[in-house]
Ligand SMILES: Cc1ncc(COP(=O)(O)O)c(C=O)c1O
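One chain comes next, on its own, written out as structure tokens in the form predicted alone.
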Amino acid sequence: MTLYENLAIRLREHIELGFYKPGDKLPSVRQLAKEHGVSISTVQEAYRQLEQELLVEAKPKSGYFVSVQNKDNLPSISRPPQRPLEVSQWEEVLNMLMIRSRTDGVQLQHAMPDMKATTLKPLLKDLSKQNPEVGLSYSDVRGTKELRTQLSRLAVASGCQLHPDDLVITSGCQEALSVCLRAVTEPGDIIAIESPSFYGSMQAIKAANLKAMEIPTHPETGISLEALELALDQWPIKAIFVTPTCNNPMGYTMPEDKKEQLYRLAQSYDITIIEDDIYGDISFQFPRPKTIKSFDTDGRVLLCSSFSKSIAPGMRVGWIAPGRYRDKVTHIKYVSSSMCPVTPQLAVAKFIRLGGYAKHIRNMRLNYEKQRDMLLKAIKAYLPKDTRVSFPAGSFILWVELAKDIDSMKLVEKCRQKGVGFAPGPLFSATGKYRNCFRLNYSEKNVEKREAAIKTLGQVIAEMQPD
């Protein structure tokens, strides 16, 4: 057993025995190194292992703390149908999208970041200064060299070594996901996907005339590799579609070793992985979690992301690291939408290059983590005692599971009448499962407004429950 494993065991025992309580600050890296006569890197690796076990969380410039997660009320492990299915729910998704522009009430249904952050001011100011002649002209179909260069530098934090030529810029992550599906499948193919899963991913599968094989998913550690392997043995699955870091809608981050196992499983069955990493930069973990792409040695992982969740969706700046599928992805991107607008690409590239993006991300991580904890507190205060709720490892969305007799589709209609919106659970499944679940957004800084919305939500639920 290595030195860091021994140290991790000792720290784990102290946490489990209650020497360190949830929320307590743990000894500093330097202090532990001195006490145990080991190197700083040994202590860092021990803490990293405990982070993977969700026992410890790192806070930038503050140190390591015992996780405060209450694991007793997490959502249930999902149990989707064990067969490929065609995706439905489009009308329900469209209905929710149509009310996106509403400004009245408290709209907690959309995965929208905080776009009022003062750290975005340099980017907004620069957008207005961009040379209009440059912005109006054609550009490289792969995207501007300036942006691809900055993205390749950002990728290092997620464990990836990418060249600018390894990247293709897209109009947001939704186009990236759609292009990747078309690049690796034929109509009628089967895609393995987490359950529940983002409704945009589901609708991309539907649009490509594919079938979804929903795989049981754990609210802390993600897609079940055992269930996935059984499905791979039984069905001709063409690709695996996952959001392993700050998952939408559950919020979990797969442990690093499990990400590598997933990659090895895809290797053994010689199939592709489409990895959605759109929330990776706003993970609360430090350092930022690695992507599955970081383990990719043969180009079978297509990594997709965008700035829609870290900056603003209206920028429409996304990208793909398509590995061995680069030429096919580039061709599909060209015939579907050609090049992307140049002005936002140049503005974002400059924002990254001058350090504005790093500063903005640090600010957002801290804010979103605080707002998560405040929303969890409100849920505990106003929703039924048997409510189960996820504990996001990053981003600004969480998943709520109510008693089986509460229908979230009926609940959302009643709540909208009172000015409160949320995303009902059936949108996150191919077959309309999770009727007693829903997703909430906590990016809104107005704590009083959000708490009042949760209180209203609790009152409506109480009215719906039988006496």
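This is a predicted model, so every value here is computed, not measured. Don't overthink the numbering: it's just position in the shown sequence, from 1.
Another form, the form predicted in complex with this ligand, is not on view; read the next lines as being about it.
Review point. What stretch, of 251-259, 73-81, 363-371, 278-286, brings heavy atoms to within 4.5 Å of this ligand in the model of the complex?
Key: Result of the contact check: 278-286.
Exercise for review: Tell me whether F19, L54 and K290, taken together, all sit within 4.5 Å of this ligand in the model of the complex, counting heavy atoms only.
Suggested key: No: none of F19, L54 and K290 comes within 4.5 Å of this ligand in the model of the complex.
Exercise for review: Would you kindly say which of A321, L177, I223, I273 lies with a heavy atom within 4.5 Å of this ligand in the model of the complex?
Suggested key: Going through each option in turn, the one that passes is L177.
Check your understanding: So which of I379, A111, A358, L127 reaches within 4.5 angstroms of this ligand in the model of the complex, heavy atom to heavy atom?
Key -> None of the other options qualify; the answer is A111.
Check your understanding: According to a 4.5 angstroms non-hydrogen atom cut-off, is K309 in contact with this ligand in the model of the complex?
Key -> Result yes; K309 sits at the interface with this ligand in the model of the complex.
Check your understanding: in the model of the complex, does F198 have a heavy atom within 4.5 Å of this ligand?
Key -> Yes, F198 lies within 4.5 Å of this ligand in the model of the complex.
Exercise for review: Using the partner position in the model of the complex, report whether G172 sits within 4.5 Å of this ligand, counting heavy atoms only.
Suggested key: Taking the distances in the model of the complex, the answer for G172 is yes, it comes within 4.5 Å of this ligand.
**Study point:** Contact label in the model of the complex: K238 to this ligand, heavy atom within 4.5 Å
**Key:** Answer no; every heavy atom of K238 is more than 4.5 Å from this ligand in the model of the complex.
Practice item. Sequence order please: the residues of 419-455 with a heavy atom within 4.5 Å of this ligand in the model of the complex. Key: Not one residue comes within 4.5 Å of the partner.
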